[in-house]
Structures are given as C-alpha cells and as structure tokens.
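What follows is one chain in structure tokens, specifically the form predicted on its own.
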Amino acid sequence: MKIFFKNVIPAPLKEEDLNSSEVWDSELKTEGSVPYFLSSNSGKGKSTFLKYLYGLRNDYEGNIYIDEKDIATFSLSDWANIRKEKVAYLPQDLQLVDHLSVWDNLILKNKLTSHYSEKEIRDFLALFNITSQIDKPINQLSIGQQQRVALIRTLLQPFKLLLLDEPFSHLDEENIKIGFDLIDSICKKEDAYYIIATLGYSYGVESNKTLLL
C-alpha cells in the first residue's frame, strides 16, 4: 500500500517552523518494505498524521494520496471500505467499550470481517497472558491490560497498513516484545507494514525508518 504526502501542512502547525520536518511541508512516500516510526516531542503532529490516513481529520493544506488516489476525493463509503479492508488503526485512547467484556470487545470487531477463528483469538489472549481476564469488563482491567486487548482487537481484520499511536506506553519489555512479534508475524501474513507514532523510542526494532516531525 503506497502513501504519498505532498507539501502537507496541518492547520494547527501552519505558523510553525517546519524546515526540520521530514513529513510536513515536504514530500514523503511510504510503502510496504520496512516499518516506520514517527518520532517527535508532543505537539508536532504524530497523532494528526495517523488520523489523516484513517480519514478522521482533514484540516490540512497540500495533498495526501493512498495508492495514488487523493484522499480529499474519498466518500464516506470509500473510507468505510478502507477501514474494513486496508487500514487498521490503534488510537492512543484505545476506544475500547468499557462496559463490555474483553471477549465481547474482540468479537464485536471480528464479526465485521470474520477474519479470525475464536480459537485464534483465544491464542492471541494467551500470548499476552490475559486469558483469565476474558470475561471481565474492560473498565476492571489495568491500562496495560487494556493496551494488550486493544492491540489484539486492532489486528482482527485484513489490512495493508497498520497505524499505531503510542501502543506500548504502559507495557513492560516482555509484553512489548510479544506485541512486536505478533505485529511482525501478522504483517508478514497480510503482506502489510506498520507506522508507529512514538515520543522517540524505536523499541529496539532494526531495519526501521524513523521519520522526524
């Protein structure tokens, strides 16, 4: 899946000095060869970048293309199909349904495409050692457990591009490694790649491309 940002300037950064940015007011092309890390301090547009690619914001100058099509021309139906089949997104605020159980949150997502079997989903939970939490409401889990559930939920669909906004901020090193191993294996299966927004951490991932905002 090809992404092309051409001289894009987010409205909130219009008065900022963007000369040092590799993304804003520049030309940026990505496709499925290596993982990408968006790296900057807070307030430089990491989350905004991801939201543009998921169709959640359109407050920018310039042009953004997905597979050579300008996203400014996309209809609501186009975005619905992209979110169902091409782009998976894990927002920083997770957006889990608090009053539903872990299992119901996952099944609710999986029913959209039936991309995985129930056994496979249970195997993902076992990887993160949260099978015992399966019937608990999300609001009874720690934030680290919620992040693990949210990552699994994000992966329960076909995609060519995986967008992750600070997905490991509350996880220990062991669970970060488990998370990356799972992401890598599924990206290989889907012939996909990922973009992670981070405050400067590459989590030890080799052969990545770091983009400075």
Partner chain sequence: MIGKAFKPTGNKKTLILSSIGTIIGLCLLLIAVQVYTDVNYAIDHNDNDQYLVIKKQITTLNTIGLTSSSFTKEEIKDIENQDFVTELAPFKSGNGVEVMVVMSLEGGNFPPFSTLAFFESVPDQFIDVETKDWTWKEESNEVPIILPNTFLDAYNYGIAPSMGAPQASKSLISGIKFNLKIRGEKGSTVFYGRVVNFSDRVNSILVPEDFLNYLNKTYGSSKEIKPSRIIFSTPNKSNPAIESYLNQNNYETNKDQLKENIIQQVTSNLFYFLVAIGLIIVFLAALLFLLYSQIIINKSEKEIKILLLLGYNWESVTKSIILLFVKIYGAVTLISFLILYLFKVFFDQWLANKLDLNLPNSIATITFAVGLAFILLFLLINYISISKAIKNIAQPK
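Residue numbers count along the first chain shown, from 1. The structure displayed is predicted, hence computed values, not measured ones.
Omitted from view is the form predicted together with the partner chain, to which the following refers.
> Just to confirm, with a 4.5 Å cut-off on non-hydrogen atoms, which of 122, 115, 136, 83 contacts the partner chain in the predicted complex?
When the partner chain is considered in the predicted complex, the option within 4.5 Å is 83.
> Is there a non-hydrogen atom of residue 55 within 4.5 angstroms of a non-hydrogen atom of the partner chain in the predicted complex?
Looking in the predicted complex, residue contacts with the partner chain include residue 55, since a heavy atom lies within 4.5 Å.
> Looking in the predicted complex, any heavy atom of residue 96 within 4.5 Å of the partner chain?
Although the partner chain is absent here, residue 96 would touch it in the predicted complex, with heavy atoms inside 4.5 Å.
> Though only this chain appears here, would residue 141 touch the partner chain in the predicted complex if you measure heavy atom gaps against 4.5 Å?
Contact check for residue 141: no, nothing within 4.5 Å of the partner chain in the predicted complex.
> With a 4.5 Å heavy atom cut-off, would you call residue 126 a contact of the partner chain in the predicted complex?
Heavy-atom contact with the partner chain at 4.5 Å: absent for residue 126.
> So in the predicted complex, are 168, 186 and 209 all sitting within 4.5 Å of the partner chain, heavy atoms only?
Result no, not one residue of the spot touches the partner chain.
> Out of 129 to 166, which residues reach within 4.5 Å of the partner chain in the predicted complex, heavy atoms considered?
Contacts from 129 to 166: just 153.
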